[in-house]
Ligand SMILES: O=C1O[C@H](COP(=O)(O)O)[C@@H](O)[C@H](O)[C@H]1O
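So this first bit is one chain, no partners, the form predicted alone, shown in structure tokens.
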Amino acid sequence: MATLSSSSAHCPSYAYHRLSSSSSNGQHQRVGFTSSLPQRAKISLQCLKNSHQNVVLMQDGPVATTATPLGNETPFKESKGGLLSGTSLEECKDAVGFDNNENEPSVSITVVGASGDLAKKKIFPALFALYYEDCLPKHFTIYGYARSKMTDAELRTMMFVVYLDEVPMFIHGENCDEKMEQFLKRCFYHSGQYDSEENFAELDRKLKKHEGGRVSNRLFYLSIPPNIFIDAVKCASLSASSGNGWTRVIVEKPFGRDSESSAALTKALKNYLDEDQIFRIDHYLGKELVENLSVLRFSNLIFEPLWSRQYIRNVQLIFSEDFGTEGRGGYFDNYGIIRDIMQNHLLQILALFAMETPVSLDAEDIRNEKVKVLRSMRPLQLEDMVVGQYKSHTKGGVTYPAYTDDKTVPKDSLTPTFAAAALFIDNARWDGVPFLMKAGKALHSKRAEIRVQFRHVPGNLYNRNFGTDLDRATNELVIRVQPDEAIYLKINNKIPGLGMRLDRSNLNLHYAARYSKEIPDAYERLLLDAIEGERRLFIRSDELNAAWALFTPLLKELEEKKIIPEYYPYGSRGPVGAHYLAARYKVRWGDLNVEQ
């Protein structure tokens, strides 16, 4: 595939800073992009209803519309009667500002697997949000590609239904109806098989018509099961790659099931792609609070000196969901919570948290430091892991199902829906500090957070005020990734009054109260990075290999020995064994007494 670079998309409102190579004094300066644009688009129900009154929602089936039936290559426009009607490709070019200036490159974004839930609920809404904020290039085209038979009009109608259902994902913005119509004129659909070079060649011909002879940059998002990754990449590479610009492919997890399958997948991908064309996406790296980790640490003098074994007693990475597999147990049962959450999301956060100061903010410098952390980690042992599986539970007259009650899950399944682990980094900075991970489904709350518990104050003069429970006097830094993003530091404080009564208080940065701007969805940030060629938040192949090397021996031992998971009630705090695991390292899970 072609790997030529081109000018990146310019996004005036993109939040994070990039380094500029020039300044008035010859030194590097941070350059922040600002924007006078309105806030991110939130498709309000009223806006959509007013703008598209002819969309009719059906209760059990496709969405019907009174629009004139459209051909598969025909954009729509609003006719005099207010209905959606066909328009030619040339008229569409005029409507959305196409011109014949071949000096300006085009970007074609093809979502492979466009009829799936991920595409409908995450990828297409993220692309619209980027368009609303003028973060996409001037000349762009979006194509949905899937096996389902669908016309352009049906794809657009599908998008409307998702927007109507997912209103809370967006903020109300100005001119949302106008922006929506403009965006949908750039959206098209092509039906084809994932292993058909002929179908991808047909897609290539359609893309070339929209590109109009300009330099063509192409981004393929593989929103498909991993067993058909290679077929799709092969066909896209041979039949639909760019001839004069760059071609990039975003690959969704899971990246294999273990070291061997991951290495085989990487090797197969590299038969058709160079490493710098492969963007392995872990959407947790696009979360605002995860992105803020390096800023918090490296730009605040008070934190960096404390970021070591000398002051930190333990680090906890907690992920919990308050729902079960909800009908997707067939997929989940093949992977389990360790592969689904721990080996990627939580381990990536751990690497970012624990890495040494990189030489620069360049993607390779940051990823080099993350790899060093992963390679320094002690191999996981079975005794350092607790696995669990949720069972049926009745609460308040409501009976919640067990994992094996899911019809897509085998009745004798031993797949863990919960796991807790103690990990150690054997280097000078973190030697002896336990990094405790916990991830589970059907727990008492939904949260993702990083908790940093500092050491006790030596010879604390106020120990008697806290009694024998020294943990009450421990300072703790909490980074709440979701929901309700926040960073807060627990400190000890005197309660006003004549006596000497101490209280544990929070210095709290609550994002919703501090910042009026809506936090971008992780997929928006990562899609924009892929378009711009920014690889900092994507996973490199050696990073992936190091992550799998850490977990594969343990996963094989769990499966070969058929370790029976500890059962815990649906909606509980998880298996009791997780608390014993933490207690072994004199740690108490920080989410047991969470402040509301």
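Please read these numbers as outputs of a predicted model, since none were measured by experiment. The first residue of the sequence shown is number 1, and the count goes up from there.
Below, we turn to the form predicted in complex with the ligand, even though it does not appear here.
Checked against the ligand in the predicted bound form, the candidates 364, 181, 518, 321 yield a single residue with a heavy atom inside 4.5 Å, and that residue is 321.
When the ligand is considered in the predicted bound form, only one residue from 449, 204, 524, 340 comes within 4.5 Å through any heavy atom, namely 340.
The chain is drawn here without the ligand; in the predicted bound form, the stretch among 276-284, 428-436, 302-310, 485-493 whose residues come within 4.5 Å of it by any heavy atom is 276-284. By the 4.5 Å heavy atom rule, the three marked residues 156, 185 and 209 all fail to count as contacting the ligand in the predicted bound form. The closest non-hydrogen atom of residue 375 lies beyond 4.5 Å of the ligand in the predicted bound form. The ligand is not shown here, and in the predicted bound form it never comes within 4.5 Å of any heavy atom of residue 267. Interface residue remark: residue 444 is not counted as part of the site for the ligand in the predicted bound form, having no heavy atom within 4.5 Å. The closest non-hydrogen atom of residue 480 lies beyond 4.5 Å of the ligand in the predicted bound form. Residues 328, 331, 340, 341, 345 of 327-363 are found to place at least one heavy atom within 4.5 Å of the ligand in the predicted bound form.
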